[in-house]
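Below you'll find only one chain, the form predicted alone, shown as structure tokens.
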Amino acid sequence: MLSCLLFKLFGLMSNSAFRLTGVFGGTFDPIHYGHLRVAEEIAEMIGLQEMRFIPARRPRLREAPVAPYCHREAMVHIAIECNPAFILDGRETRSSGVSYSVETLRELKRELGADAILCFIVGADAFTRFAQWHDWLEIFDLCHLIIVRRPGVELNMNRDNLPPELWEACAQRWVANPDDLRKARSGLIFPAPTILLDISATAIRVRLAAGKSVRYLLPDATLDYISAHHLYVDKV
């Protein structure tokens, strides 16, 4: 625990004139190595000063999470506590309604100030539905989008794979070099070539409900927490 605290302190001492902040939202039901590896690669690839994990209380465009918010938040904390660049952002604790990404990004911009460049991670599957998000066009004014591969979903963002409205809004925003994200405050889209670990929270829950092993799919400490609190038993 002491070593984790020291790593956190040293990470805070390395701030630069402006901060590239990753924003990684999701239900994390539960968090697993697929999430953690993507976050690590993007932080390294883009040169992020920090990666904020923001568990969603109640997402609008997907089924309600299985585990209560307090447990999902605790599992994220346990999984990331020894990484100096990873931060648990528990702002959804204060929310009782539906989670809107645009509201979270507005809050972060106000809190972090003009020197912060937000890089918002979006899965390829969720991005195809991006035009259904609440106030989705405003999101381009608040952050850059980092599109990551998802199991079973091709990272192929051409005209044939996107709704016309989304394609038109994004056509001039794509960049292939992560260094370009430092040249603008917001509005660019970077498809990140991350390693794809074919792990899903749904599959983990199914295995747990069936009494099967999920070791090596998520951190041992997180698995210990799941066992201690009897999460996902007879639930998928």
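From a predicted model like this one, the values you see are computed outputs, not experimental measurements. Residue positions are given as counts along the sequence shown, with the first one as 1.
Heads up, the form predicted in complex with a small molecule isn't pictured, but that's what we're talking about next.
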- Item | Candidate stretches 105 to 113, 137 to 145, 122 to 130, 80 to 88, one within 4.5 Å of the small molecule in the model of the complex by heavy atom | 122 to 130
- Task: Decide if the three candidate residues R52, S186 and L188 all line the small molecule in the model of the complex, where lining means a heavy atom within 4.5 Å.
- Result: no
- Task: Answer with yes or no whether R62 is in contact with the small molecule in the model of the complex, where contact means some heavy atom within 4.5 Å.
- Result: yes
- Any chance P178 has a heavy atom within 4.5 Å of the small molecule in the model of the complex? no
- Query: Quick one: is P219 in contact with the small molecule in the model of the complex, heavy atoms, 4.5 Å cut-off?
  - Reply: no
- With the cut-off set at 4.5 Å between non-hydrogen atoms, does R150 touch the small molecule in the model of the complex? yes
- Students should find that, of A43, I199, A169, A192, the residue having a non-hydrogen atom no more than 4.5 angstroms from the small molecule in the model of the complex is I199
